[in-house]
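Below sits a lone chain in structure tokens, taken as the form predicted on its own.
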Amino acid sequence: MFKIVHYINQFYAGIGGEEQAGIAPSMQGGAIGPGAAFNTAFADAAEITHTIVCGDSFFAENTEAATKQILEMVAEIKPDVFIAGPAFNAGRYGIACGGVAKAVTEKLEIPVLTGMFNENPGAEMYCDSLYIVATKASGAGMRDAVGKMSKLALKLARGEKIGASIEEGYLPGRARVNFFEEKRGSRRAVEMLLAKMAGKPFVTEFPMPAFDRVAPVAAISDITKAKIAMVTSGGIVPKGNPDRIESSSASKYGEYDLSGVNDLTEATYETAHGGYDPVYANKDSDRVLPLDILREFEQAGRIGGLHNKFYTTVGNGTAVKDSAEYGREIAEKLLADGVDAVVLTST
């Protein structure tokens, strides 16, 4: 029977949600949470003997230390395969699963496997170096994910040849695998074209990337009469980060009042962002969110006025789907408040 070590976050371990995301790595014997479903799928061929649990925030904020701890735990057990997740579309969890799995296979030379939704930022980061089984967006797809992951995990444990992504169910990105099709390319192409023309379902053999295109609006005719707002993905927040916006894969955005504020000082503001050196942003947050300059423009009459609120989140590893939703909500609020233009900054 093959020995499996399973990595999960605090939520799937049943410890708690965001309030427990800061827990450090720990290892327990046996299967926990989704591990039970894996053991059922493995039948008598393999068993999860140990489960490693780590909070998503802890890993994001202490990546190097957390990875070192987890590697020591895995090295002690010496499993045949290491499984992380599945993370579905949870951004921080996906990045953690990918980061841990990559470290395990590179440092310990143990076969690894994880599972994610294709829009998870971890999928984009690690699909070129790991087998990442394609899953649905949420935990509702757990049964399907476990079924596909368990089969591929057993293949890895046995050292069997891994087929193409379309055959095995993992996200494309690793080295291409050749296989023979029953029909030649010209026939497949014509059949796809006919299906498309008839409105029938078909699967392309060469999916193209989907780019979001936003048509630019007309320029502001008189900026001296325009109401300007500030929005940032650079993570600028009031000192202490009162809404606990995550340093990576943010699950929320913040809305903060600027009434009477003319300068973002070191004593009153900071950045929650974990994707760049925070020293200079913490010393003077105007470097990311230019309140001081816009106040000067306001007083000099170069703009009509500055909106009394700013909106902020962290772009580091945040899922595109979540970012788009934040943008829609913020835009609706700005329109309702009569804002004419936005200064949008990143890092």
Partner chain sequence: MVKEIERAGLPVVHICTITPISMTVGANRIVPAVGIPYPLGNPKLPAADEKALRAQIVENALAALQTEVSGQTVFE
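Values in this document were obtained by computation on a predicted structure and should not be read as measured data. Positions refer to the first chain, counted from 1. Basically, rigid core = biggest C-alpha set you can superpose within 1.5 Å across the two forms.
Just so it is clear, the following notes concern the form predicted together with its partner chain, a form of the same protein that is not shown.
Peer 1: Which one of these stretches, 64 to 72, 289 to 297, 45 to 53, 27 to 35, sits within 4.5 Å of its partner chain in the predicted complex when only heavy atoms are counted?
Peer 2: Of the options, only 289 to 297 has residues within 4.5 Å of the partner.
Peer 1: In the predicted complex, which of the listed residues (M197, A219, V203, A267) lies with a heavy atom within 4.5 Å of its partner chain?
Peer 2: Of M197, A219, V203, A267, the residue with a heavy atom within 4.5 Å of its partner chain in the predicted complex is A219.
Peer 1: Classify D277 as contacting or not contacting its partner chain in the predicted complex by the rule of any non-hydrogen atom within 4.5 angstroms, answering yes or no.
Peer 2: Yes, D277 is a contact residue.
Peer 1: Is N89 a contact residue for its partner chain in the predicted complex, using a 4.5 Å heavy atom cut-off?
Peer 2: No, N89 is distant from the partner.
Peer 1: Tell me, yes or no, whether L306 is in contact with its partner chain in the predicted complex, where a contact means a heavy atom of each within 4.5 Å.
Peer 2: Contact with its partner chain, no.
Peer 1: Can you check whether S57 is within 4.5 Å of its partner chain in the predicted complex, heavy atom basis?
Peer 2: S57: yes, in contact with its partner chain in the predicted complex.
Peer 1: For the stretch 320 to 347, return the residues whose heavy atoms include at least one within 4.5 Å of its partner chain in the predicted complex, in the order they occur.
Peer 2: The stretch touches the partner through S323, A324, Y326, G327, R328, I330, A331, L334, L335, V339, D340, A341, V342, V343, L344, T345, S346, T347.
Peer 1: Relative to the superposed rigid core, does the CA atom of L130 travel 2 Å or more between this form and the one not shown?
Peer 2: The answer is no; the displacement is under 2 Å.
Peer 1: Could you check, with the core superposed, whether the Cα atom of D277 shifts 2 Å or more between this form and the one not shown?
Peer 2: The answer is yes; the displacement is at least 2 Å.
Peer 1: Is N118 one of the residues whose C-alpha moves 2 Å or more between this form and the one not shown after the core fit?
Peer 2: After core superposition, the C-alpha of N118 moves less than 2 Å between this form and the one not shown.
Peer 1: Do the C-alpha atoms of E18 and H273 sit closer or farther apart in the predicted complex than they do here, given a shift of 3 Å or more?
Peer 2: It is closer: the C-alpha separation of E18 and H273 falls by at least 3 Å in the predicted complex.
Peer 1: Report the direction of the Cα distance change between E18 and G234 in the predicted complex, compared with the displayed form, as closer or farther; the change is 3 Å or more.
Peer 2: E18 and G234 sit closer together in the predicted complex.
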